[in-house]
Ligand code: GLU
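Coming up is one lone chain in structure tokens, specifically the form predicted alone.
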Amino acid sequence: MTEEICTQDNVLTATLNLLRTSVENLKLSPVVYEYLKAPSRFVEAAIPVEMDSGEVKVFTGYRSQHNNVLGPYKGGIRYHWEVTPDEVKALSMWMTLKCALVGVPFGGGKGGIVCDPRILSKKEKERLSRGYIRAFGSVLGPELDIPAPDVYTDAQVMAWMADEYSNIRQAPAFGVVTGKPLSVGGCVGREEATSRGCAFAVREAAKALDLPIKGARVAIQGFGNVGGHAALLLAAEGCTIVAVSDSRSGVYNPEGLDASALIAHKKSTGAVAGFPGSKPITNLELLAVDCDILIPAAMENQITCDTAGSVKARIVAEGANGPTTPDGDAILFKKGVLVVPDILANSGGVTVSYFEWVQNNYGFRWDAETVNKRLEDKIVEAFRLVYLFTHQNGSTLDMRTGAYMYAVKKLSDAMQIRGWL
């Protein structure tokens, strides 16, 4: 028996392979792939920042504008020490696909700064955020490219960026970013939108498998904003949260963890470790926990050729971008695991960002009930259409491939009608 070899494609390579396969399976013009294989524009800039010590440090920033056939570029800005051009390009491609999938009139964009935000003071982070806008402001705008929060960025970062852009324009232009505080044009429900969309997708996947959501056992890798809110929302649906992990630690209790108490514990201690009534668990061990639903909500490349075989969940809902490698995907599909891909499972954030942008353009605000109901309608409809499309195209098609094909078809139709093809 030969040993199976794991290929560790980077996120960009994996995305390009899926795009190429989608175009070929749909028998579309090869020109569609040529449009989608690279960003329309990719900008790199040096961002000088005066540190609190008086020293000037130069950071590297990126902005990838992938495709705008459906509308302005849209996508978050992440602050992370491992940000790379390939990662930012791939993330911008996923944004294009997400928007097409859920019927949002945006194209895909993404940005990032190579830094460790954990060691920056508040003032240093503010100067870095304003520096990003000064470096990239000429390619941003409410009708051109609208950033949003991402890893290690938040509403406060967006407020600084909106203010700096408004200073440059010499007029209030808060619609240049979404994910802002409510006081400067933010949208109610935006903070938990990605989690809420993921919870809706989980509920629909459970229905598809005739799995009762009440009492379903859930494990969540990544207990930040997305994972924490997902735990609260699914617990409210009657799910039992059996395991969670963060970047430092993990906890497990087969009888269930109190999501609210766990969030409070992490807020006070900085980690989930030591939560009363739990046993310690590693990130890798969490993937193999006996559960019905697994939500990888941390970073890329977590479910791989090495770890996918031990996954016991019936549903994997990707709260993070790119948590499953192509090899891992293939193993999960053979095992009969329903994978709700990232471009569907975590599209709630861009959907509510769209709602925020609409409200900014029209100068009014919806209430939470309206926002959440419109988000639910978008996610439920997208899941239904992708699930139906996938199963109409044969039992050999996994849901990720189905989602990519469905999105690529919508993008190709728009290219055709606009005269690009």
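Since the structure is predicted, the reported quantities are computational estimates derived from the model, not experimental observations. Residue positions are given as counts along the sequence shown, with the first one as 1.
Keep in mind that the form predicted in complex with the named molecule is not shown, yet the notes after this line are about it.
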Residues Gln221, Ile303 and Gly328 all lining the named molecule in the model of the complex, heavy atom within 4.5 Å: no
4.5 angstroms heavy atom contact with the named molecule in the model of the complex for Ala230: no
Val350 within 4.5 Å of the named molecule in the model of the complex, heavy atoms: yes
The named molecule contact at Ala345 in the model of the complex, heavy atom, 4.5 Å: no
Gly197: touches the named molecule in the model of the complex, heavy atom cutoff 4.5 angstroms: no
The named molecule in the model of the complex: contacting segment from 276-284, 200-208, 295-303, 72-80, heavy atom within 4.5 Å: 72-80
Heavy atom within 4.5 Å of the named molecule in the model of the complex - the one residue of Asp163, Glu191, Asp150, Glu126 that qualifies: Asp150
Neighbours of the named molecule in the model of the complex among 301-338 [non-hydrogen atom within 4.5 angstroms]: Asn321
